[in-house]
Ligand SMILES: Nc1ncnc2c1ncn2[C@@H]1O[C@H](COP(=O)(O)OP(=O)(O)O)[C@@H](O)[C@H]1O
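Coming up is one lone chain in structure tokens, specifically the form predicted alone.
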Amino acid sequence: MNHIVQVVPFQDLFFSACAIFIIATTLKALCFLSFTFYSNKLSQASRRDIQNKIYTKYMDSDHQFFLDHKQGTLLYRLLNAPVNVGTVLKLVPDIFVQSVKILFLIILLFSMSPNAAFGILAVGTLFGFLVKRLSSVSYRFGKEVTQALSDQTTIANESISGIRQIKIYSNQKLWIRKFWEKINAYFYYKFRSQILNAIPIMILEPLIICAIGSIGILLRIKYGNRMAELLPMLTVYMVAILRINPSLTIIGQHRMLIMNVLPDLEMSYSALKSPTRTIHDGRVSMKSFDDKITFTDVTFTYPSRGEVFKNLSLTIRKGQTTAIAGPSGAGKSTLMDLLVRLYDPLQGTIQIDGIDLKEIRIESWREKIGYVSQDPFIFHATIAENIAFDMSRYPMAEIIAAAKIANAHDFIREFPDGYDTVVGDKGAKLSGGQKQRITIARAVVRKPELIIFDEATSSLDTISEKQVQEAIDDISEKYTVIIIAHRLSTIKNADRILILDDKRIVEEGNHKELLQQKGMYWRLHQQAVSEESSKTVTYASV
């Protein structure tokens, strides 16, 4: 160390100044690097965490939550709004740094000339007042931008999801016009927001120059020919003011930007804090379904609709195929929604082997269920992934075995890539019957103890219906099955048929017994026979 001191001439003023300059510049660069690193890390981590919390909240919300909100709005709250939360968190530290710089420079100015410093404070106060007034307009524009973006997302999502129907009905121009209205609204308000955000730059520099000029004139008037004596101090003063200018500009711009994106912050906060209904989990783990499912005096009402069930009671026994039929709107699918606990009844109880369903852990109960709906959910992945949902849970042999049970194996083998065939968005490469058989395989591969078919053949053609029905009949011999049916031909072999109407079970028995009663089932059956006869006559005439 002594050797270094002897070699390096620190006593040289010029050398010391250069060394201090190099050290200061290096420290400044390191500080800037640290600031950039941590501010960006905070910004991105906050965005990630907020999106994760919102998504988790969505997944934990009850089914009614998704019926009450537009899909596009939910997507905007999840994907777009949290981005601006991260933006604001990156701007706030910068505002703090610039404020510290301004404070230091104002203290310096006060040490030189309090009167001149008060003049600069007056300019800063005027600038702050203007920015505040502009910020309220920026906030209003920001709300319009947020709404326009949310509407864009909704329209784009709906139109892409329904593109087949839109094209069939030649409705493209209508949807293009609707989308144009929203993107034009976004353009209108976003453009004005950007112009508004540039105003602080445009107004501050003239204000600063006016302040400097005014101070120079006042000094000239006061000191006259002695003005030259004040030039060194005036030079330092001008440099300080010019250093304040960019900091004030940055603060003004950042405030305007924060106010502009504040509606997104409010939306994110609302998404996180607004109460949502959740299905409270039970504590009892369901080991197996051994005996029966019992609905006792169940009453249920949707929040936005009338009463669906009132004092409804029924029993579903293990090992049997139980069919539930009735007129449209009677609540057949709602009954299954209650059974899988998408909703809870308002009154009455649902028991599994004598245990209240509310006391059973939801996951442990749903693991016992295979569910096939009338609208098969197929996602953009391979056939094997669509059957398994989670490829890590099932070996390929089990996936193939499930496909065979569902009468899907043969058509899957016809694809060049077999089970590795990517089916396209929403199963675009598959027919309706093929989609349905894949969802049946998905239900079977879980090795459930109960399989629910919720009008699984209602939207299929005759050939596809026959193939799916064969799969259902085979499954019915091995599993406890509940069939929700619109077409009575699909349930005539059921062990028990329950007729749902007028908020309750009005008839019960097998196919033969219900026909003999000549009640509602008999009327529905006669209507179905009549419709089938009409179709036969029509085809024959063609």
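Predicted model, so just to flag it, every value in this text is computed and none were measured. Heads up: residue numbers just count along the shown sequence, starting at 1.
There is also a form predicted together with the ligand; it is not shown, and the following applies to it.
Asks: Work out which of 305, 287, 226, 283 lies within 4.5 Å of the ligand in the predicted complex, going by heavy atoms.
Replies: Contact check passes for 305.
Asks: Heavy atom within 4.5 Å of the ligand in the predicted complex: which of 85, 330, 148, 105 fits that? Just give me the one.
Replies: If I apply the 4.5 Å criterion carefully, the residue I get is 330.
Asks: In the predicted complex, is there a heavy atom of the ligand that lies within 4.5 Å of any heavy atom of residue 64, even though the partner is absent here?
Replies: Answer yes; at least one heavy atom of residue 64 falls within 4.5 Å of the ligand in the predicted complex.
Asks: Is residue 343 close enough to the ligand in the predicted complex to count, meaning some heavy atom within 4.5 Å?
Replies: Judged by the heavy-atom cut-off of 4.5 Å, residue 343 is in contact with the ligand in the predicted complex.
Asks: Since only the chain is shown here, I'm wondering whether residue 373 would be in contact with the ligand in the predicted complex (any heavy atom pair within 4.5 Å).
Replies: No, residue 373 is distant from the partner.
Asks: Is there a heavy atom of residue 334 lying 4.5 Å or less from a heavy atom of the ligand in the predicted complex?
Replies: Heavy-atom contact with the ligand at 4.5 Å: present for residue 334.
Asks: Would you point out which of 137-145, 347-355, 320-328, 395-403 contains residues with a non-hydrogen atom within 4.5 Å of the ligand in the predicted complex?
Replies: That would be stretch 320-328.
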